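Take a look at this single chain in structure tokens; it is the form predicted alone.
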């Protein structure tokens, strides 16, 4: 792999041991990928503060420097971690202080996370604490090379913003933070960003649930490639694009899609395929829509609902407002809990706007930082949960061994108020 003189100097330790270890990792990573070179990045989104037993043991052994070296740099040496070389943010992690006494999550993990935030914040890591960093200020420009983790964030950055990133891991993102480099392959290259599958939508798609189901279908069709969506679709908003992308990255491994006339690299279907002949279309019609809905509800058998989870990916302020409007003047059923997951920064907006107060008076909770799937935490005794997220309906039953129902936000709030699932496909 070709290295610039700057990269060689960094590898050889001219900018310190941590940068040298980071460059060594990136060289090994790039060679494994058969990348021709590294590219410059100035925007990194990764995880550094997520609590775990392994991390706690490393901190006891050698402090936070040791934990970062081992987990984020694949380096066993005792090295000091300097300030990040490029702008870096922390994605969602373990539950924060607002979950104490609400979520069955270890108090020591909350304390460990607070210590990590302080350590990494002093080194230039912005603690955004969300899977949707683009909702709280981290918005890369079109064509900008990034190194982001989190599948729903990666697909949004590539598709909606037109930035360029692969779905990175903890180590590669950590190394990119200290070097401003990442292997130049995959979605970084012009020749890899064209559409590969054409999906012709034959049923109206408008609204959060419909976009989620279409995304789940698109991921199943495209796998790890790039679907192009045409047909009977309304113009999506931020939340709908967020939900579509998260679902496509869940049922498949989609990191980039095109919607002609909506996403920036596809003003037309021809542009989406970049001059290549479009493949035969795959139809998304009434039968396919019904099959997706049935698949997402295949984990539910009991009508009794213990837990309602909203905000995956993390909710926008408008989504919080809609939940508050649905709950205003109502009370949750005894024995049923509702959690709404939001970015920490938007929790403050929700508080000041009065939305949090409405939700809490109903018995629900607005929680920042984390997600139940990532932290493996749900209300004690949960057997059946309901969600408006195709991603959580897919993952949480396997992670926590519980049943799932998928539907609209209104279906989910109704289940929280009545304690029963009565949703259905409109």
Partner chain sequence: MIKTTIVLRGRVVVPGACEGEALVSHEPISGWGGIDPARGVIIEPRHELNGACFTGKVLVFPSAKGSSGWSGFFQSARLLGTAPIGMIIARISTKSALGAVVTRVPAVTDLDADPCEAIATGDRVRIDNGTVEVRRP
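Numbering follows the first chain given and starts at 1. Note that the structure is a prediction, hence the values are computed from the model and not measured.
Heads up, the form predicted in complex with its partner chain isn't pictured, but that's what we're talking about next.
Contact check for residue 64: no non-hydrogen atom falls within 4.5 Å of its partner chain in the model of the complex. The closest non-hydrogen atom of residue 31 lies within 4.5 Å of its partner chain in the model of the complex.
Among residues of the shown chain, residue 284 is not one whose heavy atoms approach its partner chain to within 4.5 Å in the model of the complex.
Using a 4.5 Å cutoff between non-hydrogen atoms, residue 273 does not count as a contact of its partner chain in the model of the complex.
In short, of 108 to 116, 334 to 342, 79 to 87, 142 to 150 it is 142 to 150 that has heavy atoms within 4.5 Å of its partner chain in the model of the complex.
Annotation: in the model of the complex, residues 233, 355 and 359 none come within 4.5 Å of its partner chain through any heavy atom. Of the residues 207, 260, 252, 300, just one reaches its partner chain in the model of the complex with a heavy atom at 4.5 Å or closer; this is 252.
Distance criterion of 4.5 Å from any heavy atom to its partner chain in the model of the complex singles out 75 from the list 160, 75, 198, 221. Contacts between 137 to 169 and its partner chain, taken as any heavy atom within 4.5 Å in the model of the complex, involve 149, 150, 151, 166, 167, 168, 169.
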